Ligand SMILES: Cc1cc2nc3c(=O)[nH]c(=O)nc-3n(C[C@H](O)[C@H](O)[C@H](O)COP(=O)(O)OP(=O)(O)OC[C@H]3O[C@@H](n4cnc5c(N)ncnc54)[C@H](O)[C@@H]3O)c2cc1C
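Just the one chain here, laid out as structure tokens, in the form predicted alone.
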Amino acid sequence: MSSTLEADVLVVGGGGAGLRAAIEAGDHGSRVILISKGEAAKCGASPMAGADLTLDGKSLNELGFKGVVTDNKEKFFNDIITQSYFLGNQKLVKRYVEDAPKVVEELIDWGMRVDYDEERAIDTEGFNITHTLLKKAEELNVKLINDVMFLELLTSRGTVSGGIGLRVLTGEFIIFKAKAVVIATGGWHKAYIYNAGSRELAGDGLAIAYRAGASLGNMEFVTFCCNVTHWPPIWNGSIFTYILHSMVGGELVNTKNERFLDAYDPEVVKIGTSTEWNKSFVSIATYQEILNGNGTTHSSILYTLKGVSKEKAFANVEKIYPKWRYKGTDFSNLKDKLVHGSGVEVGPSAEYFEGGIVIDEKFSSTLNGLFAAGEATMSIFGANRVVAATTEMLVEGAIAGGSAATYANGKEFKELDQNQIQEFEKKIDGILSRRGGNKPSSLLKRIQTETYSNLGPIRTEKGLEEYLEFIENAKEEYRHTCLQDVSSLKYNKELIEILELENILTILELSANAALIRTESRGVHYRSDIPITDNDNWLKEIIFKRDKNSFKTETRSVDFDSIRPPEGKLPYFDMMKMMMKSHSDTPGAH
């Protein structure tokens, strides 16, 4: 190992949750190191976000924006719990609702630009959020170390003592001694061939925490954003088409030029296209159309501007996205396709992961000294996130960072377990000594394709069982993947891919098992072979803990602190309609 660094609190992740955690820990007087897989504030999901910051309308109005004053925190809380299919942690959702105005006001005071406001949100760019947080972290003398991939947690007698990282650009390994660690590494977007997130998000933090002894939960719940561009490859994963459809309308048609949503209950279609439920409903309907053989060769349907006044629509788009540029990408050719072509190929793409590290109200994990925030946690939103992940990362980052600093205060550094370090060195030596195996990139592509097919918007028992067999075979093949060039570890892309693959396979095995265990359809988990939401038997969370080379599974009942769900079993779409009847009259959350 090349060097050892010490910190009271080590924060892993350079996005919004990590930066906010580092700020809070630093503000508590802790010595903080933040490591980022890429450049802090510029990598991960946060800078790519839309980004809206959600809070109740009354609080928004009190901050000087146009929020609806009759939309209070109680209504906001009710909507979140209802739309989470009652799996949301009600105590933590209350904390989200209470803290949202504070963290938003802080950002504005720290210099974040606001582009426009809505009934329950203010809108900006993800980069504006992370850049503002970065400046604040630097003011507090947080030590920022870019281009470090976190590889393992170190523990001493069941308590976190630090971790090991890889300096990506130099190929050197580094040891961190820390009294507390905060994981804020996001989701596992890279596991899906179609995803609307950042390609470096490979579930690293979750898999590392799990290997060290932390529990993971809600791993079956994956939000797919509908109408994301699938083809051509240069636009793959962009939510610009999702935004366009929301802004100007248009039609979604299959390859037979049929408006396939017309086959569904009109009330469901209205709910599923005019509220935040659209991501789930339209993704399910779209993928069903693809399974029926009515999609393109790129697992897509077609987005057209049929029935829309193009001149008026394009003028509206130009106001917000001049010259059709979004996130630095030129979409002017997409405009031409919409005008002259048969449509743009769009479809569901993995966007947000409700599952993650199990945390308590202090955002402490089940492993002493380990905390987590943001998308890396078992989401406070249960089976369906319908409010901003950007606000979530700020609220959770602040809580986790403060809790980690309080935990670390007055504690001594644990002695590092040299046996763990030696085992890690053996693992790396084993990878570097492999010869004649497959490239990790070829295995990854097959994993991404199979994952989208069988652990995507629609799941079945047969598909999940076949997928788990595939994962077992992929785990064996992984053991024979090797670097084609071992002459240097400086920015060795294949070494990074091999290390990521281990994490991806770990996470996908748990996610698929959870999807198989949950014998119902709830929120973003849709089983077409069991299209029933079962409130009698499945108001539970599925929790995994590592057990040597396997895992233990348990279910945990949800604590209904304020709102109790309806009893009984209902067809999935009927339950959706029932949920919406208890939804408030105020505009839906974003």
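Only a predicted model underlies this, so the values are computations on that prediction, with no experimental measurement involved. One rule holds for the numbers: they count along the sequence shown, beginning at 1.
There is another form of this protein, the form predicted together with the named molecule, and it is not shown here; the text below is about that form.
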Practice task
Would you mind picking the one in G347, G401, G374, G356 that has a heavy atom within 4.5 Å of the named molecule in the model of the complex?
Solution key: G374
Problem - in the model of the complex, the residue from G456, G197, G272, G162 that sits within 4.5 Å of the named molecule by heavy atoms - result: G197
Exercise for the section: Verify the contact flag for G523: yes if a non-hydrogen atom of it lies within 4.5 Å of a non-hydrogen atom of the named molecule in the model of the complex, no if not. Expected result: no
Exercise for the section: Verify the contact flag for L60: yes if a non-hydrogen atom of it lies within 4.5 Å of a non-hydrogen atom of the named molecule in the model of the complex, no if not. Expected result: no
Exercise for the section: Please run the contact check for M48 against the named molecule in the model of the complex: heavy atoms, 4.5 angstroms, yes or no? Expected result: yes
Problem - 4.5 Å heavy atom contact, S30 and the named molecule in the model of the complex - result: no
Exercise for the section: Given that the partner is absent here, state which listed stretch (144 to 152, 513 to 521, 313 to 321, 293 to 301) has heavy atoms within 4.5 Å of the named molecule in the model of the complex. Expected result: 144 to 152
Exercise for the section: State yes only if every one of V97, R120 and M576 has a non-hydrogen atom within 4.5 Å of the named molecule in the model of the complex; otherwise state no. Expected result: no
Problem - Residues in 115 to 141 with any heavy atom within 4.5 Å of the named molecule in the model of the complex - result: none
